[in-house]
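A lone chain, given as structure tokens: the form predicted alone.
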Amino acid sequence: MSSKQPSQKKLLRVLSSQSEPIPPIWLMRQAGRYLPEYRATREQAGGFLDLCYNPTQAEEVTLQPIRRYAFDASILFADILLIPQALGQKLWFETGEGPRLTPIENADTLSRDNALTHLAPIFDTVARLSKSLPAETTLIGFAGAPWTVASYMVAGRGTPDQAPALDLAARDAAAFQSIIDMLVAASIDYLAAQADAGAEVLQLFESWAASLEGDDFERWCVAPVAAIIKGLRARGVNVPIIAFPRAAKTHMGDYCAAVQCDALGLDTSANIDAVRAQVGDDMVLQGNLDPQVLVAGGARLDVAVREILAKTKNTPHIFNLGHGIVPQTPPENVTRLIELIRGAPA
């Protein structure tokens, strides 16, 4: 029998809609460039993709913030654009500029045939982590949501307004739908394999939800995420699923009901009280400290953390940022954040 029992894990207790006097905490991008030990391992690996596909080194960087801060959860070190690459789209990273892909306008050149074989090192990393993490630490797997990933695939890079994807969706909805459908199917495969390898929670990152409204939001954000979650449940994947529709301009109660997520990630702009009123008492909320406040530290950090703790007291809540931790974050400010959370009175 495994030594890891769900009752040991605070994050899993909260994801069953239980409130905790001291909430679980983890941070998006908690394994990253703000840590000197990460920068050293990244240099050893060579390129970013080399690091993602090296299970030994990917395990190491995933464990680094756990060793330093003892977060309640560890999120797999990978990237949302590994799926397009596994489907056959060329992917590379430009130093100082981020990811680049050969732009596409339909799914004609994509194939799921070898995708899981291509992604096998990621599942190896998950399996390693399921054995090497502390018994009380929950392992989170993830994927990018289809709209967000498709926006990179169509533009060939990140864009400030997702205009290329919006243009294609308006000009040739069927072609864009073919990309979304491919991503839905591949994401179900990918996330199911992560769960099979040992991931105890899954998160779907919809980083560009804010660029869609109305019917477009329903078609390109809500329907694909709902299809992924439904597909995972149909395969018997019963781990909790966190949806993170960053800055979505919609009623969050309707969104949660439509996609059937177990928890809702809140971005920096979200009003916790308003969202709680929309989603009800049982929905687990995650978030939403401003990453720039974590950079600033000091009294500003203390006040912001205490405000979130006051608003979420006696509710099922996971403390996190409203977006990923940024490279200029002083590591000592994360130490202070942990002290503020875990020193909170019951």
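All residue numbers are counted from 1 along the displayed sequence. It should be emphasised that the depicted structure is a prediction, and the values quoted were computed from it without experimental measurement.
From this point on, the text means the form predicted in complex with a small molecule, which you will not see here.
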Counting only non-hydrogen atoms, the one stretch of 308-316, 273-281, 286-294, 24-32 within 4.5 angstroms of the small molecule in the predicted complex is 24-32
Give a yes or no for Y255: in the predicted complex, does one of its heavy atoms lie within 4.5 Å of a heavy atom belonging to the small molecule? no
The small molecule contact in the predicted complex: T125, any heavy atom under 4.5 Å
no
Would you classify G98 as touching the small molecule in the predicted complex, given a 4.5 Å non-hydrogen atom cut-off? yes
Taking the small molecule as it sits in the predicted complex, is F71 near enough to touch it, meaning that at least one heavy atom pair lies within 4.5 angstroms?
no
The listed residue (L183, C261, L202, A78) that reaches within 4.5 Å of the small molecule in the predicted complex by any heavy atom is A78
